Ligand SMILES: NC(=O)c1ccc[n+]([C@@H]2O[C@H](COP(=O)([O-])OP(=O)(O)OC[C@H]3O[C@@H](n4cnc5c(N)ncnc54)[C@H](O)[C@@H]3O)[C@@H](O)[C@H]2O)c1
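Given next, in structure tokens, is a single chain: the form predicted on its own.
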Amino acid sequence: MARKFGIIGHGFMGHEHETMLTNFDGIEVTAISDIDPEQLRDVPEGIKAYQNASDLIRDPEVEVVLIAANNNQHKKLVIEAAEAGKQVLCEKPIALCLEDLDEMEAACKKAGVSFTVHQQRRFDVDFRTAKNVFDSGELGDLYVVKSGLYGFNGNMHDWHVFMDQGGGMLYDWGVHLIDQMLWMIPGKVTQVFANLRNVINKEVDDYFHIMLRFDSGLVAEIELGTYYLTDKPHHFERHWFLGGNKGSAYIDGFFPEGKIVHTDGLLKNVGGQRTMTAAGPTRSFGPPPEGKLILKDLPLADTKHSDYFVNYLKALDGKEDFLVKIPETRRVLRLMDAVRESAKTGKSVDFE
């Protein structure tokens, strides 16, 4: 029997959820709410439209409340839905601070309802491909993992440009990119160093560069820039690099292209030989001799964002654990606090 969902917030993400879930086996979207009546004009026939979120929450048909409203509304709506006995699924960021998350989790536990966050980018093909490489051990002992996302438009849209609404790129894409790193790389993060900037936006961050040092010695780098001007034909670029003592891998694009790269003899001592390049003589950075690089295809992942809801339904039925657990979201929020502290002080921050 289909689980009946109500979606609060019918902006961009609300529409995305509506499109996906109205065609998803095992889910029936029965109600949608938005405070802006213009956003309700295209609610499909047969789905109830509410301008007041409380009316949707009180709807006896709604079993699962999916919250896709502005970030600063998450706490109020999660608590209200929990107190009404609804299963609670909230868009990221789950909360704007740790204290809010604690109150939200306490309300859900008291009501005996499930509570998780929509982190569908754990199913991004580029990320899962990078994770496949990471998990394979083929690169040996990894010393660096880099994740980059670059766009040209700079200006953000709608409420995302306002700090009091929970705007800014750290709350937007940053939550996803940090979550991906923490979910992929085991161990504790011992230090955080970050640069967080308002490049062309007045109130909110639109650039960040985050370095995470893990207790294994591995360093993860996350960089996002919304104002990376380039003449490349793509709207935005996604890049990964993984480096280990037995090889490297590069993964470019959301539907990735790239290779795993090994060497045949390049790591051996070359007896002081030098190569003349355009940059001058070098022993370390000359072009590799023909045949010395061994290229392998990437282990491309076969995932899609709808896989999130496959797990979600099974978890509601007690057949699996929820993919995204509240302690994991709490760790992301804590790390974001460390990012802000490091950016403010210009110093690294001890973490775990």
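As the structure is a prediction and not an experimental result, all values here were calculated from the model. Numbering starts at 1 and follows the sequence shown.
Heads up, the form predicted together with this ligand isn't pictured, but that's what we're talking about next.
Contact between residue 71 and this ligand in the predicted complex is found at the 4.5 Å heavy atom cutoff.
Within this chain, residue 205 is remote from the site of this ligand in the predicted complex, having no heavy atom within 4.5 Å. Taking the partner from elsewhere, residue 192 is found to have every heavy atom lying beyond 4.5 Å of this ligand in the predicted complex. This ligand is not shown here, but in the predicted complex it comes within 4.5 Å of a heavy atom of residue 53. In the predicted complex, every residue of the candidate spot (9, 91 and 176) has a heavy atom lying within 4.5 Å of this ligand. Here the chain stands alone, but in the predicted complex its contact with this ligand, taken as any heavy atom within 4.5 Å, falls in 120-128 among 143-151, 120-128, 177-185, 244-252.
Checking 218, 77, 156, 108 for any heavy atom within 4.5 Å of this ligand in the predicted complex turns up a single hit: 77. With contact defined as any non-hydrogen atom lying within 4.5 angstroms of this ligand in the predicted complex, the contacting residues in 18-45 are 33, 34, 35, 36, 39, given in sequence order.
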